[in-house]
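Structure 1 and structure 2 below are the same protein chain in two forms, each given by itself as structure tokens.
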Structure 1
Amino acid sequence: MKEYNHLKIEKKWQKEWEKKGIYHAEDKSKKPKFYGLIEFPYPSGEGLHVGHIRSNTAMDIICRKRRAEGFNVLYPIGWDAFGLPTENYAIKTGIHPQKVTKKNTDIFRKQLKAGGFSFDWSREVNTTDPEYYKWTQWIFLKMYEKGLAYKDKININWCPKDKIGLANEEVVDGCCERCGTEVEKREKEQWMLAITKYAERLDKDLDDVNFLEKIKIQQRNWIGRSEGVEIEFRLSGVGHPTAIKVFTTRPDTIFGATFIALAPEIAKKITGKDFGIKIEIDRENKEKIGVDTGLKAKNPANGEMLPVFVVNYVSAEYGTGAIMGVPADDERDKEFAEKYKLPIIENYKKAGFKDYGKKITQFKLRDWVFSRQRYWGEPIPMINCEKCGWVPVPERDLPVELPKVKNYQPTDSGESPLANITKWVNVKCPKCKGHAKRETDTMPNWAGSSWYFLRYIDPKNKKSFADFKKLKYWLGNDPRHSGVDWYNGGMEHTTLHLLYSRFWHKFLFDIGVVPTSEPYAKRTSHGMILAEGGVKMSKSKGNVINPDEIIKIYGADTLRIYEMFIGPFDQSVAWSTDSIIGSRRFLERVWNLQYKVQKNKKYTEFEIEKTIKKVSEDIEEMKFNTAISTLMIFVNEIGKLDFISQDVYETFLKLLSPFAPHMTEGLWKILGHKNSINFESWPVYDLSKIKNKQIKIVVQINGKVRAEIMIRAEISEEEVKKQAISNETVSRHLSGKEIKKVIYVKNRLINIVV
């Protein structure tokens, strides 16, 4: 009996798979396609985190299952490599960030390869590669051309420690998301992207995508669509012909209004005075304070004169920057009224909204502050000419490459370190050839990750960011119901990254260069892996688990099984090195079962149907832990027998192979097969054994989803096709067309080619 030797097995098959390129996705194929995506990692100096293994394995399992189901699968990988950690490391050590990135990606690549993921490595992308960021810059130029990129003097959030402007989303409770320092306001000229122009669609189109409900809620909350009414309160007294416009979602409470509250900036606009009140909107539970402006405003509903206050809890950046205070019905107003002894009318009459104002829709979403005063980002491809003003860099001059600098530290004045490279900064104006200067701001880290999934489709294209035909193949050509088939990533990216990439994608759709209006058809998310004891893994605590060591001692297959078994996939779980041995023993048991196999015995005696069914369904629902326990139970059962038939064992190996690809491949060859287990089709259960089961079949016409039908599990392929074609919606779409071919992917879909 040979013992299970993971070291030999894993190296051997990884080499073999790579040599044969078996995970390369075909750009042209008769098979239906499946595009599975994970968030590409940031190649930090810390190396691969065991959390990466968890999320990569999950999508790897899904992709492997899809291949077995007859799909042409794209499962790509790349590096999101611009950004602060690498830059800060460069500042500390003086090593060029490009070098740091190269070193880190080399380590990550090696680590990922040891994990046995079925990535198509030929499509690797790197956001810091000029051939890549050329297209990031190109998209920016298109946005500029369409009026979506503009420069504006705004109050930005400024982190005095990192010396960097922050987007609203990078400010958490008034502090810098990265370093925790309290954020200041600074007025600065910044490049902005008009994401608010897409607010309505970003909200509404969530109806059409298959995102986890909690993710949709996050997106909707961030966009903050709010239907309300704008009502005018006229100011009394000479010198005030103006009216104050308030925004309210509760016009029915107008008879309960006892004061008007203004944001400091709005008060200043109206009165010309500074009342010394500072806005505290970023911080919840701050004490509400205000100053009486002395103005009186007339309630249009009952003619009452209301005092006008400047307060610290109304923001100039939302609605009209003014509210009517209704202390009886609004907590914040109540707190304020109590403090300043303003009347609180408990039982006022509720208005059905009359004609006091006009209906408007407001969004919390702000335009995106797109400038960073840092080195390690994509240069913003704009030139400022003394005569012509802002001039875009001509497309033929892209990419605008990052120049070499001596010092990566941002300047104290808040300029990017690029500002000191006069040779690079001074250029001729592309329009008038006169004296001009390059923009020295760079793009935020979010830029490159807003469209990377498109570059995977055609990573080496020199003429465009991706060929449209290929985009159509991989994303589908139904504008409303396609995109990347399945995107899994962390909950920490389901607000901003998701929103930004949806915005960019919609823009690209509008200018006709991508075929779908949404980038991702489906989005799920995983929980984190914490250190033993449930705290975050961190270098300083010394509790970081290095996947390399686990792979060396126990094997990648064991690590994969362990991380999938560790707990519900969508929840955070604590690591436990002691428990790994359980996963290892399971695989050893599977290994040893080979010695019980009876070669020529056909199975009928053993019920594997339920196992197939449960594992198949669990994978689709990302219930990997229960899928594995089902496999474990099966091994326990089968282990009690003296002999097992080869059929049963092989079926079992097929089910296990997405989880433990190396060992199952090894066993497959030992059983006498020439071809890889990767080319085996996914087991289907003997349907007669599970009676009356209904299966959902997706019906496509030329690749477009047209209907879903329910079939009884036991019916024949011919019968399924018949039912699909006779479906009402499908037959409507087919009328007058000639059916060329009908492709059936068992228990999943039918594609009718006309």
Structure 2
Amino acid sequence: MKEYNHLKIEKKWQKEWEKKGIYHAEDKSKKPKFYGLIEFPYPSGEGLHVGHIRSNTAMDIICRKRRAEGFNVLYPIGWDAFGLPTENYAIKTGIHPQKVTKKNTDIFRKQLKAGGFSFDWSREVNTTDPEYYKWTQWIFLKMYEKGLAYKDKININWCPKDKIGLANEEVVDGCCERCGTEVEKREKEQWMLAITKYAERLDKDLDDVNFLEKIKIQQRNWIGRSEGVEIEFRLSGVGHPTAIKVFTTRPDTIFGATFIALAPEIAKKITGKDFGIKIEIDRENKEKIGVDTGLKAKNPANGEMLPVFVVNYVSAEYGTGAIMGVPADDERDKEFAEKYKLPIIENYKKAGFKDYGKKITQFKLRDWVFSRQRYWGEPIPMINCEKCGWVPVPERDLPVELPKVKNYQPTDSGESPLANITKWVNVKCPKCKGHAKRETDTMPNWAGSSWYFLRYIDPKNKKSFADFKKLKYWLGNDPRHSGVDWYNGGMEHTTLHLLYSRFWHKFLFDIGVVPTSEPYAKRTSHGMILAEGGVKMSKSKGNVINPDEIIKIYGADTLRIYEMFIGPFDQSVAWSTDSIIGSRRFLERVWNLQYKVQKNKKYTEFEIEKTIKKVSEDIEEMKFNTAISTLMIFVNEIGKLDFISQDVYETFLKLLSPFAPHMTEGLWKILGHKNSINFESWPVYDLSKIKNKQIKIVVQINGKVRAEIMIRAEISEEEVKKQAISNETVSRHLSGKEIKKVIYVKNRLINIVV
């Protein structure tokens, strides 16, 4: 008996598949198309971890099944390689970020190929390649041309450790999402992208896409659409006639208002004074602090003059930067009123909005802070001329390449390290040819990842970011209901990355360069793989699992099976190295079944029909663990037999192939086939063979057998229970008794508890 040698088998077929290019997608085909996408990895110095394997394997299984179903499949891969982790590593080691990126991508590529993923490597992209970021810069310039990119002096979130400005989305509980340092506020000129102009569509168009409901909820919560009323309060004590506008979703509480609260910036704008109050980033948990401005605001509902405070818990970035304080109906307002001894009106009459304000819709979403004061990012292609102001770099001069520098340390001044490279900074104005300077801020790491799925479609195009005909083929013709067919990734990226890429795509649709309004037709997510004991994997804890050693000892197929079998795909699961052996033994049993195969023997069709149905349905629902369980049950059943018919064994191998592609390819050749199993059609079950099958079910009452019934194999659990209870013998035993619970063990028994 020939031993299952995973190392020999896997290396052999990986080499063969790559040589023949069997996973290359065709840009023209009579077959229906399928575009399957994963989040392209950030090539860190630690290499791949087992979390990458989980996501990649899931979409690999789906893509392999689609190929077998007759689809022309695009399953691409690339690198999201700009950003802080590489730059920080380069600062720490003294190795240039470009060299670090090259080394890391080489490691990742080797690891991914060892995993047996059916990527189309001919379409590999890298966000740090000038030929790629040329088009990232081009998109930015188009946004500038249409008034969506602008420079503004604003209060930004500043991370003192990373020495970088952060978008609101990158601040979690008042801290930098990357390093955990408490964020400060700094006033600085920043490039902004007017994502707020797309807020309505970003919210509304979620109705047209097949996203998991929890993903839609995350998107909608961040966009923060709310309908309310804008009410004008006339001010006195300013010295000139003026008013402030307050947005509220509860205009009916206006008679309960006892004060007006302003954001510091709004108070300064009205009075010209700095009241020494700073806005708290984590406003919910901090102490509420305020200063009486001395101004009074007239309540339009009853004419009362309300005191106006500047406070630390109202942001100028949301709404109008002013709220009416109703302490009787709001805990935050109550806390503030009690502290500053302001009235609390418990029983006041409710009001309608018509007489006091106008109905409006507003959004929590703010414009995207797009500048980063770091080295390792795409240069922003703008030039500042002393005479002409900001001038875009002409398209013919793209890409504006990131210069190679020795010193890429961030600066305490808040300027990018690029500001010190005078030879690169000083240029002629494209308009007047006078003295000018380049923009030295770079783009955030979100830029390159906002459109990478489009570049996969036409990665070598030098004339445009992608040919429109190719985009139309791979994304579809229907502007509202097309896009990447299926995109899977982590829940940690279903808010920011997803929102940003939807925004960029909608803009590209508006200027007529992509055929669809939404980038992704379907979006799913997976749970994290936790370390042993259920804690989060982290380098500092030393509990990160590298797949290299697992593949070496057990094989890539075993790792793929284990990661899909470990638990429900959409939930977080704990890693257990000891449990991998079970997946390995399953594959060994499959391998050894070849010695029981006989060509001309027949096996009960019903068992394989059931397996085809269950595995096919489970893959579509991403229930990979139960699909594998079904395959294991089938192997256990046929393993008891003296022989196995070849047609049944081959059908089983086709079902297993997306999960364990190397071993099934090897067995397919051993069975005498010249063509690859990759070119075989996906098994189709015959429902009539399942429907005609009758199964005997034992019926118990309080654990005692009272009857046996025959059921059709495909009927639902509820129907089985109904048939059991309505059985004449069972019905007699149940007479006068109350049914507490009905327990069904599928295809075996019913126990009625009375």
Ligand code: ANZ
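Definition used throughout: the rigid core is the maximal C-alpha set that superposes within 1.5 Å between two forms. Just so we're clear, the structure is a prediction, and the values are computed from it rather than from any experiment. Counting starts at 1 and follows the sequence of structure 1.
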*The same chain appears twice here, once per structure, so which copy is the form predicted in complex with this ligand?*
1
*Is residue 466 among the residues whose Cα moves by 2 Å or more between structures 1 and 2 after superposition of the rigid core?*
no
_After core superposition, I'd like to know whether residue 723 moves between structures 1 and 2 (criterion: C-alpha shift of 2 angstroms or more)._
yes
_Given a core-based superposition, decide whether the C-alpha of residue 741 shifts by 2 Å or more between structures 1 and 2._
yes
*In Å, how large is the C-alpha displacement of residue 700 between structures 1 and 2 after the rigid core is aligned?*
50.1
_Rigid-core-superposed Cα shift at residue 344 between structures 1 and 2, Å_ = 3.8
*asked:* Give the rigid core superposed Cα shift of residue 271 between structures 1 and 2, in Å, rounded to one decimal.
replied: 4.1
